[in-house]
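First, one chain by itself: the form predicted alone, in structure tokens.
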């Protein structure tokens, strides 16, 4: 990872650095931060001759070599100071909440508009709305591109940033062209490396945030973080890691709750953790407890399915969506735990 002496390299300097690393089979990927741009060496950065040539350039401050499968997402990387801000919240400074419908019903746009206003009132910072939906049954409702217009209208009415899942590059382009603020990568695509690379390339010059959910069948924690590395290595560091339960399901729950991996993630990576308790447990009556546990484990935020009238929802909403009243109560209780965590950090003795 290359750190220039100034806030960024000039075009001529970048061309010179690119020429040097390309001779060793590597490429340069700029990572644009709020205060400075760093330059990731993508490829095998261990070649001593390449490092020596780079270090000899007068405009280079230093070269950091992180021997990790996830060099950019590693908490020791220079991206560790990167902060993500959305919906008026800087992740890590305040409890962050995404809420909204699993699936937007294009026949009933008023349901999303009502839900959007209600989740904003309850304290959510981002509106979730499922435009396109992955379905096991090919005959089930797969979503509708018309719903993208409904989602953006809800944004205009409430001012809330919006989150939408994308499953392929065509949907990615439609979502970005519409102005979606957060791209969601669902559990079925969390290991779709072609899509992850495409997202990284597409949003490298934007402030778009990516909510990366954990795969149903994902193995070690490093595999989850490495999936995020695919996005970061193509230029976008605005990534939130989202545990959402894994297979096989725990008896009585939709999946096997995995909010307890939050401390493990934070030990290895700087990326904020936003837990989805709705898909984890799959029943509205269990969601609040799972949400509170996630915050107690150290989560930076929550992604909670919410519907103004769950019985009228489609997709997962009827069984796992909270009402806005339940959401408001859950946020209030989660905030108390967040405050206790913050107080503990402030009063903890210095080692």
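Every value quoted in this text rests on a predicted model; they were computed, and no experiment measured them. Residue numbers count along the first chain shown, from 1.
Keep in mind the form predicted together with a small molecule is missing from the figure; the text below concerns it.
Of the residues given (257, 186, 200, 143), 186 alone sits with a heavy atom within 4.5 Å of the small molecule in the model of the complex.
Of the residues 120, 244, 71, 82, just one reaches the small molecule in the model of the complex with a heavy atom at 4.5 Å or closer; this is 244. The small molecule in the model of the complex comes within 4.5 Å of a heavy atom belonging to residue 134. In the model of the complex, at least one heavy atom of residue 165 sits within 4.5 Å of a heavy atom of the small molecule. Looking at residue 182, you'd find every heavy atom of it more than 4.5 angstroms from the small molecule in the model of the complex. Using a 4.5 angstroms limit between non-hydrogen atoms, residue 102 touches the small molecule in the model of the complex. Stretch 126 to 134 is the contacting one of 126 to 134, 229 to 237, 265 to 273, 74 to 82, since its residues have non-hydrogen atoms within 4.5 Å of the small molecule in the model of the complex.
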